[in-house]
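Next up: a single chain in structure tokens, the form predicted alone.
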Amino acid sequence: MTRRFLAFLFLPLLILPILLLPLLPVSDASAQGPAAPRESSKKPVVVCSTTQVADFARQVVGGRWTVKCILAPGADPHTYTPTPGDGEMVRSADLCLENGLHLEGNDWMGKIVHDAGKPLAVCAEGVPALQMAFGGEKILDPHAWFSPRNAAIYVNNVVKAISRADPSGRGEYEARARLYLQMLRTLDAWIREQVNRIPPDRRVLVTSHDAFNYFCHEYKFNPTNGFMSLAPVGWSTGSEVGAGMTPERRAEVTESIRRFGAAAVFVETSVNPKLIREIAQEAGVRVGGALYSDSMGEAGSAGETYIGMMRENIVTIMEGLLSGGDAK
């Protein structure tokens, strides 16, 4: 009995060194810091040229990709000059997306992507593009996203490009897109309901540059009496900061605003408002507020998403045209 008791007493002392042996390597490894993350867990990166394109991409990819955008909120794609940091961003990309239709002035996005050797998809591909006058010639209007129906084409193009790059996630991308497309249809119906409240004699939209032709074309009330879009600056905002507005052109614009009886004029968040405010004062017309045009709003603002910017634009247009605007 005594021998058995002594064996039982000393048995843990014999086993303890054996149990401690496998713990030693683990203790040494942990002292060197956490293990490096596995390369396979890194998300693919999609780099977008404009804020609208970036938002469409986010709606499609969810958390499966990292979405980056070259243009900051409020930046102007017509006059943007790429930076070395933009090149670094594109070189980190697995896929790049742009608006197309020459919105990216001097093809700055295409040049960056070409230099980096990355794939590029054009989101406006397949939209029924409108024409506009520029420099005495007819060109394609690049602001196609101002029709939610065109925005749906953008989204479908994003789904195709993302799915080609990551076929295993196609089901996820198509599922998210189906929900977002339904949201765009709801947005379109709401806009039509709102603009139908505007009397025909107030359906004149004067803005800083020709960004709203698709909006006015989409929401016409009948073939002969729809929104009329006027822009003092012209399609490229580069002329707004240079010598594009001659005294003769300025007088012509001022007179046209008076002639068409615009209830208000609107500035844009991505364009210097100084000129349009001066012209409004000369024409004796009030300023109806600021519209999101070539860029969405800052993070946390009411216009930080495509649907948000369109909603806020409609609210501003309705207030400006129905009440005559404000005195800002």
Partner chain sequence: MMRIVSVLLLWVIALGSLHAYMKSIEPPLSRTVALSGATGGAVAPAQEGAAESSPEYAAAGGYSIEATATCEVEPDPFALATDGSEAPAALRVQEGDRKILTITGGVEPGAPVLAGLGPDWGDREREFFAEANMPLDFAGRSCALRLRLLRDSAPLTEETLWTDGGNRIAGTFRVSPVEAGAETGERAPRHE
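Model, not experiment: these values are computed from the prediction. Residue numbers count along the first chain shown, from 1.
The next section is about a form of this same protein that is not shown, the form predicted together with its partner chain.
Using a 4.5 angstroms threshold between heavy atoms, residue 189 counts as touching its partner chain in the predicted bound form. Within 4.5 Å of some heavy atom of its partner chain in the predicted bound form lies at least one heavy atom of residue 181. Among heavy atoms of residue 217, none comes within 4.5 Å of its partner chain in the predicted bound form.
Its partner chain in the predicted bound form comes within 4.5 Å of no heavy atom belonging to residue 202. The candidate spot formed by 75, 82 and 114 lies out of contact with its partner chain in the predicted bound form, as no residue has a heavy atom within 4.5 Å of it. Checking 258, 91, 249, 170 for any heavy atom within 4.5 Å of its partner chain in the predicted bound form turns up a single hit: 170. Of the residues 120, 71, 152, 253, just one reaches its partner chain in the predicted bound form with a heavy atom at 4.5 Å or closer; this is 152. Between 121-129, 83-91, 97-105, 173-181, the stretch whose residues reach within 4.5 angstroms of its partner chain in the predicted bound form through a non-hydrogen atom is 173-181. Of the residues in 149-169, those that come within 4.5 Å of its partner chain in the predicted bound form through at least one heavy atom are, in sequence order, 149, 152, 156, 159, 160.
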